[in-house]
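As a starting point, one isolated chain is supplied in structure tokens, in the form predicted on its own.
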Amino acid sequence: MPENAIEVRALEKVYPAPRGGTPKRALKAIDLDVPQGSIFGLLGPNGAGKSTFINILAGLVVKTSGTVRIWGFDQDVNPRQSRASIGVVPQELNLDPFFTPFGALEVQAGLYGVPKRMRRSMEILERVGLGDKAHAYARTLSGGMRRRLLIAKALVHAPAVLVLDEPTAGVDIELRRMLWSFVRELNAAGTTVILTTHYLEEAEEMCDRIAIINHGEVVACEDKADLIGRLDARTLVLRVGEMPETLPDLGSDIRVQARNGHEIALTYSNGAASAPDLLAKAQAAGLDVADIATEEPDLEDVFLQLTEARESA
């Protein structure tokens, strides 16, 4: 097995200019490695280039330049093998309403050249909770069931890499939990998973490694812990018996904010102060501290810092 499930080098995509307009450079010389066996998060604001990147991996969009290797197969040299190594679950619920789930999986398996004796349509439907709906028309399925059917279709050829494009957009909490439990099972069995999501808490909980794309460029690609560790900011939250009329000045490098009527948040960097020092300063300033708590930065903080920094550049 390859060390990286996906290797991308100098990937570019330029869309032709509309009449009277200028060409759109959607991807700008992207280099990216997705480790084999990982759950890899691909994050970015709307229009960042995520969908273009995924569609190139799936073979739905032709790249302008660069190389893409999926499970060791060069997309230009071995297009059939590279495409067979990946399954994509699109964000849109694009299903033929006149097919049953079983029929849809059989057709999909046929398109990938899976022999009838090797097809696992009923097994896959059972795994995604659609065994009892195998012979119902797709048009009768709920939105959550259709989402599960899309995942089932992506699995018919047993791909080594599974791409989930906003898989929990618009679904309820129960289905979301079911989907993530299923994804963890697939990953534990050896499937490499690429996840795009707007729910940053999901990415923080699920992913081992995360890349952030903005304006067609990779602005970060690191292990989750290292990415979150980029932010040096920490927050000490003081619960006070009585909120002072004027918040104390604890120094130019300490941000002091009032919260919820009885809390004062002190935001600082590790190099500027420590929590015990701040607590001592707060008490010396006359604050009646009843309780304390600390807050660590999360993925949302990192995401906003990186994307906002790119916007202001």
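Residue numbers run from 1 along the displayed sequence. Note that the structure is a prediction, hence the values are computed from the model and not measured.
Omitted from view is the form predicted together with adenosine-5'-diphosphate, to which the following refers.
Indicate whether Ala48 is a 4.5 Å heavy atom neighbour of adenosine-5'-diphosphate in the predicted bound form.
Answer yes; at least one heavy atom of Ala48 falls within 4.5 Å of adenosine-5'-diphosphate in the predicted bound form.
Is Ala26 a contact residue for adenosine-5'-diphosphate in the predicted bound form, using a 4.5 Å heavy atom cut-off?
Within the cut-off, so yes.
Want to guess which of 63-71, 277-285, 250-258, 50-58 is within 4.5 Å of adenosine-5'-diphosphate in the predicted bound form, heavy atoms only?
Checking each option against the 4.5 Å cut-off leaves 50-58.
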